[in-house]
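Given as structure tokens, the chain that follows is alone and in the form predicted alone.
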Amino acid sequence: MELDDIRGGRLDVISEEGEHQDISRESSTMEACYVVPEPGGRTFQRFSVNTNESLRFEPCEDSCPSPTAAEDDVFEKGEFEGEIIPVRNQLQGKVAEMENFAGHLEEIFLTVEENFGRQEQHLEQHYNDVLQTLSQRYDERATGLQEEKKSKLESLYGQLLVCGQALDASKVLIETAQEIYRCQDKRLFLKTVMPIIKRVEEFAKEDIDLTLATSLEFSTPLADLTDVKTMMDSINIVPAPSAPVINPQLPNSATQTSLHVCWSLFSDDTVEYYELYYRPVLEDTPADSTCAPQESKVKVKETHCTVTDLLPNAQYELWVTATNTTGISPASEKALYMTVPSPPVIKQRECSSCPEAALIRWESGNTNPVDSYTVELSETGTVGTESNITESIVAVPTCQCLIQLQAGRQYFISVRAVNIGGPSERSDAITISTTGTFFYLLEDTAHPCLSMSEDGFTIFYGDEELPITAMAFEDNTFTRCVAILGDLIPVRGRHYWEVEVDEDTEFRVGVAYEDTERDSYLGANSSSWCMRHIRTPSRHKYEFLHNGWSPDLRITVHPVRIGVALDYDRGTLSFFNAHLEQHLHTFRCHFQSYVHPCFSLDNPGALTVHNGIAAPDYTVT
């Protein structure tokens, strides 16, 4: 059957279905087809409708009423839509399934035609090969017979020549003997008869071979037609499979320790089982190296397989062969698959937040690089449990992400690593609060004389002076000022934190750019702003330094707890006596870039940072 015939038949079926639908639409305006009794004694007539309308029911008597009476008593349209819509959707689904099945049949039809053409070419090739082989065998056999005939004739001809020569010699000898016998001269007879007798005796002694020099029969060995027989038998033998084609890796086809691999094969190939080979791909290892990883093998009957017990975020090389009763196919082209990465590890001590955003940093947790990361966050409920509402930030290229949040909330935040195999499991979640600005102190910037508390928010300057040779200075540490930076505040808007110090402690608190000079004092350059406390024998002296200059201010009450308010948008940095809710001073500057909180101790003592707190109302000026 041709493809056009099938398609034509399908179109006829569709046409008949369309005519049937038209008849159904017309019948929806006619009388009801049958009556449905109701337990209460009432009966309802059911009308046929198309897929765009709901079924309608109407009460009726034992006999069918007229269309006018039916219109008066018909139920409101839509009363039974809730029942009919699922049925309609189900019918539409069935129609879609039938159309898909018809399309599938067309594909099968085309596949059968292609397979038939391929088998026909295969049979014709076998036929030509058999004829060519038989022709070669005939030529070889005919040549052998011709050479054997030539050899026999040459042998017989040689023997015939020898016989002719013997006959000629006998004839000459007989004629000579007859001449001597007729001779009348007795003396001449006696003189010549002896040599003739001797010649006759010698001739008689000669052995003449009168047997044929060659056989009259031709040798007819059986022709070796085993290869022809093999070729003829192979026509009915299932051919060995062709090389399978391994599919590229699909998204979400892997876990941290497994891979789901699929492949395909020519539809006319008969296969008993497949063998899937795989091995990890190690960097900087040549393919022919003796240190190459050992390959593993899995035997399956399907065209897919799930390989387990693998390494996370590792690349694997896979190939597959097909086997049947005839033999093994060539190996497929090798494909590269990736397992899902291990979960990242959030570096909580390097995360910071403010009322409107949070900066999250993490470690990859994988030896091999990943494609991207996904950050997931959910707001905590009223009792501190995770809510069902989860937001995701996808395609994060690096190991940090700045997330916009809502003020006064608390969030659970986790991270997933993503590669071609899919996303990893969630990392351990951390809790982020947006009540106020929260940051940690950066230990890598601390002067060697400073030490930190276990929670990381109190710094100490001991009484014991360290010699310069005992101090280990790094590229990012302060070398002259006994200072430390807080984490960067990379979000515009208002930020607030507080600092608690003893009244005998000399200190500097404020903000500084990331590239502020490490061999300079805070406030003594153009990249830092700070409040400084100096203890003199007579009083407490306070300076508000920037670029080495301070306004002439006098503070009568020593602030034990100092509030620091940073406003990027307004370009202000303000200081407050938090206990007295008293404004001390405000720097006005257009900050060129984001700044770090900074803290310094000018004499032995301690300083504690309080952050993550809401800014008091009195700080809004």
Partner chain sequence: MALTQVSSNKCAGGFQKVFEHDSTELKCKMKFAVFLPPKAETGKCPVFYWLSGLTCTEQNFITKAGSQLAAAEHGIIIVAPDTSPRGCSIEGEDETWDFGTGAGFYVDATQDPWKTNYRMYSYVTEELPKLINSNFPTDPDRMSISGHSMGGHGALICALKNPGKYKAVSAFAPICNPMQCPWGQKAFSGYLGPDRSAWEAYDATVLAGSYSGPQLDILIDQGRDDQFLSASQLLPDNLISVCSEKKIPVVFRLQPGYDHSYFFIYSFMNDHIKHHAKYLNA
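Positions refer to the first chain, counted from 1. Treat the numbers as computed from the prediction; the structure is a model and nothing was measured.
Here the subject shifts to the form predicted together with its partner chain, a form of this protein not shown in this document.
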Query raised in the report: its partner chain isn't shown here, but in the model of the complex, which of 547-555, 484-492, 188-196, 153-161 has heavy atoms within 4.5 Å of it?
Result: 547-555
Report task. Give a yes/no on whether D569 approaches its partner chain to within 4.5 Å in the model of the complex, heavy atoms considered. Result -> no
Requested in this report: Answer yes if any heavy atom of R561 is within 4.5 Å of a heavy atom of its partner chain in the model of the complex; otherwise answer no.
Outcome: no
Report task. Give a yes/no on whether C589 approaches its partner chain to within 4.5 Å in the model of the complex, heavy atoms considered. Result -> no
Requested in this report: Pull the contact list for 568-591: residues with a heavy atom within 4.5 Å of its partner chain in the model of the complex, in sequence order.
Outcome: L580, E581, Q582, H583, L584, R588
